[in-house]
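One chain is shown next in structure tokens, namely the form predicted on its own.
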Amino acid sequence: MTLTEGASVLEAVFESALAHRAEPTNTYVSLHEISMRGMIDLRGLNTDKKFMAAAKQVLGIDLPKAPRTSETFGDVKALWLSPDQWMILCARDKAPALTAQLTEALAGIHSLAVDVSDMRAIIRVEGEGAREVMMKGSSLDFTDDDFKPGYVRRIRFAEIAALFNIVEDNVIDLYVFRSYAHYTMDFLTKAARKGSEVAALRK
């Protein structure tokens, strides 16, 4: 909570988890926070035609049913998390209104839509070597052909719960719970420091 100039009451002011932290230097990939992204936790049954139709009416896209996939329409993106759960991404200032629209459209249908934009921090790993850096924190082979743009998966990264989405071939967004943002950035900064490249891990 912050008392803004000229205000007579306390007003909530958003501040991202890494707002006061300078972006790391001396790394062979770019590491930076995506701070203005809204996130909505959407739950429902993918076998419920009414649920799927109502979600599409609001979002403009069919929710992905195939595991570890995503769908995009304009600035809205849906990440598959499980057969009955998706993370909806949008501009941060759009999330409250979009959540309200989903709640209204899904009234009477077994479902839940919650704005969880403050729950996670997002760190973008970008550049040649992005997959290599990710492999230093997980047991997954990011050079596998299944790891294409759009791929999404929940994992253990550097011993913590995380979620990643491959945005482009060398652009990966890593989602972690907000309280682990600094820990994760510390890990990534060390994993990506210049001179620590591992050519054998590149595609």
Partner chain sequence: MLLVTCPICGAEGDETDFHFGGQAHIARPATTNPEGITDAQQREYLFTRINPKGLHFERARCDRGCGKWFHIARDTMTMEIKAYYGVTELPPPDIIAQAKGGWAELFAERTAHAKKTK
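Keep in mind the model is a prediction, meaning the values are calculated, not measured. Residue numbers count along the first chain shown, from 1.
There is another form of this protein, the form predicted in complex with its partner chain, and it is not shown here; the text below is about that form.
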item: Candidate from 50, 68, 56, 136 lying within 4.5 Å of its partner chain in the predicted bound form - any heavy atom; value: 68
item: Single option in 148, 178, 154, 32 placed near its partner chain in the predicted bound form, where near means a heavy atom within 4.5 Å; value: 154
item: Heavy atom contact within 4.5 Å of its partner chain in the predicted bound form, the stretch among 97-105, 128-136, 83-91, 110-118; value: 83-91
item: All of 76, 167 and 182 with a heavy atom within 4.5 Å of its partner chain in the predicted bound form; value: no
item: In the predicted bound form, residue 39 touching its partner chain (heavy atom, 4.5 Å); value: no
item: Its partner chain contact at residue 140 in the predicted bound form, heavy atom, 4.5 Å; value: yes
item: In the predicted bound form, residue 63 touching its partner chain (heavy atom, 4.5 Å); value: no
item: Exercise: residue 160 in contact with its partner chain in the predicted bound form, heavy atom 4.5 Å; value: yes
item: Stretch 28-63: residues contacting its partner chain in the predicted bound form, 4.5 Å heavy atom cut-off; value: 43
